[in-house]
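Starting off, we have a lone chain in the form predicted alone, written out as structure tokens.
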């Protein structure tokens, strides 16, 4: 997987700094919209670990996102975010371990359909049973914010800014963690399995174990994103587990750049921005978004991450100047 260079990281840092200053000049609506984009970036980034690094295309990844969101509703009330966030990641990781152990017995198209089947099963568990409030969803109480043992009271007026900073901080940590992971032996093994699984198996790697570990790690990261989705919106419903949520994550990856670690971040912000712009143009904003994404994918096969800034061409010195420069 391609990790952004120094220039790319500098641009990402500038973008993060700009987002962090939004509470100083943006409205509450735009703060909420930016938080939504940050959560979408976390979810797409977790899916990139499967698709971009491991070559495992999943349409059931949103199930772990939804489990992380419903964790706030299912856990006992009164807990702080320091307890609910790890619990959401653990519950999503446990579900991913079960689903991955069975799905990874297949490959290719069959793996895709198996993950879709498991995702839809979990969707109907929350949709058709009172476990999570049924098909209408349920409002949740945000966990308390705790810092160094002190519970912070956040005024309602300051809540959008606090959620923006929390989501931004978690996205930065997730990106940095995955960047380090891809430089480890595990990350290189995962990339090798994507390139040629049979060769990696011949070299002595337990490829199924490596893929299962990646599947569980991606599920846990999706659970973290789902937890922050529930904290941001204070509402959960079964649609969070639907296959269309996984499809949106794949679109964000394609739009941002398949195989580029920062691609999902670019794709998530572009996708949310297109959806918001589409609402200003027409009532059928999904059609507008679909057409723009199709055009972008056809025009930019490498996604937004494949764009390069134009460089000034160095003029070749004339032969006479070269001869004059020789001693």
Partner chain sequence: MSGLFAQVLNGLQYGLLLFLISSGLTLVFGVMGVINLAHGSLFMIGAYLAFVIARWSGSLWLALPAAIAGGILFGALLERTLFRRFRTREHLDQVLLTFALILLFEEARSMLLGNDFHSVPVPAALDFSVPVTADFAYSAYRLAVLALCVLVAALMFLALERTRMGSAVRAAAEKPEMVELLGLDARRIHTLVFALGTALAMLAGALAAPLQSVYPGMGDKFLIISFVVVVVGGVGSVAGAFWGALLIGLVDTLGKAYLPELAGLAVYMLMAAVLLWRPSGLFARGA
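The structure displayed is predicted, hence computed values, not measured ones. Numbering follows the first chain given and starts at 1.
A second form of this protein, the form predicted in complex with its partner chain, is not displayed here; the remarks below concern that form.
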property	result
In the predicted complex, the residue from 266, 34, 50, 258 that sits within 4.5 Å of its partner chain by heavy atoms	258
Its partner chain: the contacting residue among 83, 154, 172, 121 in the predicted complex [heavy atom, 4.5 Å]	121
Partner-facing stretch of 159-167, 220-228, 104-112, 68-76, counted where any non-hydrogen atom is within 4.5 angstroms of its partner chain in the predicted complex	104-112
Non-hydrogen atom contact residue 280 with its partner chain in the predicted complex at 4.5 angstroms	no
4.5 Å heavy atom contact, residue 135 and its partner chain in the predicted complex	no
In the predicted complex, residue 40 touching its partner chain (heavy atom, 4.5 Å)	no
4.5 Å heavy atom contact, residue 28 and its partner chain in the predicted complex	no
